[in-house]
Structure formats: C-alpha cells, structure tokens
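The data below hold one chain only, encoded as structure tokens and taken in the form predicted on its own.
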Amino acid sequence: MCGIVGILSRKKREDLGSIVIEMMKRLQHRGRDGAGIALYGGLNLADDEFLMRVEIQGEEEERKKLVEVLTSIVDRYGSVKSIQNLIENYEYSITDFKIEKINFKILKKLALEVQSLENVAVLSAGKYEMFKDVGTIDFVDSEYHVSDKTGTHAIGHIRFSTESGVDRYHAHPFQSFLYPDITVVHNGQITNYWNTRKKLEAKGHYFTTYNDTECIVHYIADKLLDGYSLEEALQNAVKDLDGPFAFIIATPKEIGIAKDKLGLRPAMVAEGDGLFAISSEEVALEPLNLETEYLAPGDYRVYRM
C-alpha cells in the first residue's frame, strides 16, 4: 500500500524539493503513518566534512547533556564544526552536527557508536539530507521545509505501516553506514528477511531495526562493496529477495528501481529532458509531462547523473 517516488536531474535544480513533495502529495492516499525523503546534492560540504542528523529524546536538560556527550564522542574522531537544532520541542530535538576532519570510514564508526547511546537515534550521516517523520507529507514539509531545498536527486516514501513501529526512526528512507550515502524506500514485503539478514550480519552489516526495508539497503550496499554495479546489484536482488516488492535505491550519483519477479507491486518510470522519475502510480508523474513506462515483473532500471 505504501507509495514510493524518485527523481534525478542531470543538473542541480532549485526546485527539486518542491518537485518531490508534489509527487508525494499525489500518493498521500497510499498511507498516513509517515513520510520521508532523502535528498542529494543540496549540501555544500568539503571533502572532509559530513552531516550527522540525530534524534535526541528527553527533556531539555537531558538533551543538553546528551549533546555534550555527542560532542565529546565526535571530537575523538574529528571536530564538531557546528551544531544546529532543526526541530526542538518539549520531548525531543532533531539536531544536526556538521563534522569536519574525517572521512567516510571514520564517519561510519562514529555513527555506529552514537547509535548505541540510549535516547539517541542517528537519522542520517553523510553528504545528503534525510527528512522523515510520522504523519502526512504536508506535515513533514511544514516541519522540515523540504519544498525550499535544492538538489540533484531524491527518493521519497508515503508509509502505510504493516509490521514495524510507527515512529520517526522506522519511517523510510533507510540507510546503511557501510556504503557512502546509500538509501532506500520500499513498497511491499521481503518474506525471506531473516535468512537474508543472517547472511548480511555474518558479513559485518549492523542492523538497527527489524524492518524488512533495512534488509534491502544492506543487501544492495553489500553488493556494491563487492564490486557489483548498481544494475548487477538490482538484478541479484530480484533473484535473491522473495515476496511482493518494489524499491528505489539512491547513491551519491544514481537512483535505481527494482520490481519483484511476480510483479506484485506497481512501479513505473518516466524519462526526458535530463530527468528520470519513478513512482508507484502514474498520477505522481503527471506534473513532469514525461513519457511513462510500466515496469514488467522482475524488471529494474538505473539512471545516473
């Protein structure tokens, strides 16, 4: 029932945020449990700079102490360049740590250490931005101002929860800390989740939820780390993952879509004028005025900048 979208432009667009929000609004009927976007190409970061976005739970004094703890942890790995509260209320804050003097290998160690703290959840870590929350896409846009964002590509998710918790952390997109800036949104179910997860954990992948979508992003990250192209990784995913699914994967320079081999979940693509778009329904693609193609069962596509 969930809705998924993706958009990639070969050139940075000032209106990318507003485009993806409009696409998602047209899929709001597919669920109201949560909404989320991973947006790329909008941050101006140096090679040794990264953004870590965390959710910190607790009352104000407790959160202040946790910020001090997080700062001390970061300073063991690199340097805190700036700290900014994106959202703050009486029970939690969404806080951005801009970190410098590190590389991705160090960032993933840092993110996993921070993730292990009580009352702290790492929502994203890398050179992209993650915006996700419970509720509708209108609520997410009003809180995070996604419509004002620039960028090159983005993926988005409208959530109808069937298994895992309805909260900010379980909203899509999901990421893997083992591969730079990789995220996924998913409609469907992975029925061989536990067998796939056990194999990935044996190779060092660290799971933070029991959501089957997280299994997908680790699976693709694992293939990319083994030297597969994204096309090859998607081809293998269609073969190895069981159940009804359609998912969109994003990396720093590409997005891809894969559909289950029985074709039990809808997916379509549209291309033209330097744009590539993906959606669960044609209605989300209509504003782009591009030629639309429905994916066949087991089909997959990749588009690069």
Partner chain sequence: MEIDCSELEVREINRMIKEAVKNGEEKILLLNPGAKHYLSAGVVGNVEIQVKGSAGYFAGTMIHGVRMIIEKNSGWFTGDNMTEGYIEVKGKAGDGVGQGIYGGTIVVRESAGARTGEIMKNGTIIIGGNSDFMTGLYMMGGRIVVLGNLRGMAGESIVRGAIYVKGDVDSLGKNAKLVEINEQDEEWLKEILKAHNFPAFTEKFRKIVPIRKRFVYGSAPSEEG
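Positions refer to the first chain, counted from 1. Treat the numbers as computed from the prediction; the structure is a model and nothing was measured.
There is another form of this protein, the form predicted in complex with its partner chain, and it is not shown here; the text below is about that form.
Listed stretches are 38-46, 248-256, 65-73, 22-30; the contact stretch with its partner chain in the model of the complex is 22-30, by a heavy atom cutoff of 4.5 Å.
Proximity of Glu282 to its partner chain in the model of the complex falls within the 4.5 Å heavy atom cutoff. Contact check for Val238: no non-hydrogen atom falls within 4.5 Å of its partner chain in the model of the complex.
In the model of the complex, its partner chain sits within 4.5 Å of a heavy atom of Glu286. A residue is said to contact a partner when one of its heavy atoms sits within 4.5 Å of a partner heavy atom; Glu14 fails this definition for its partner chain in the model of the complex, lying far away.
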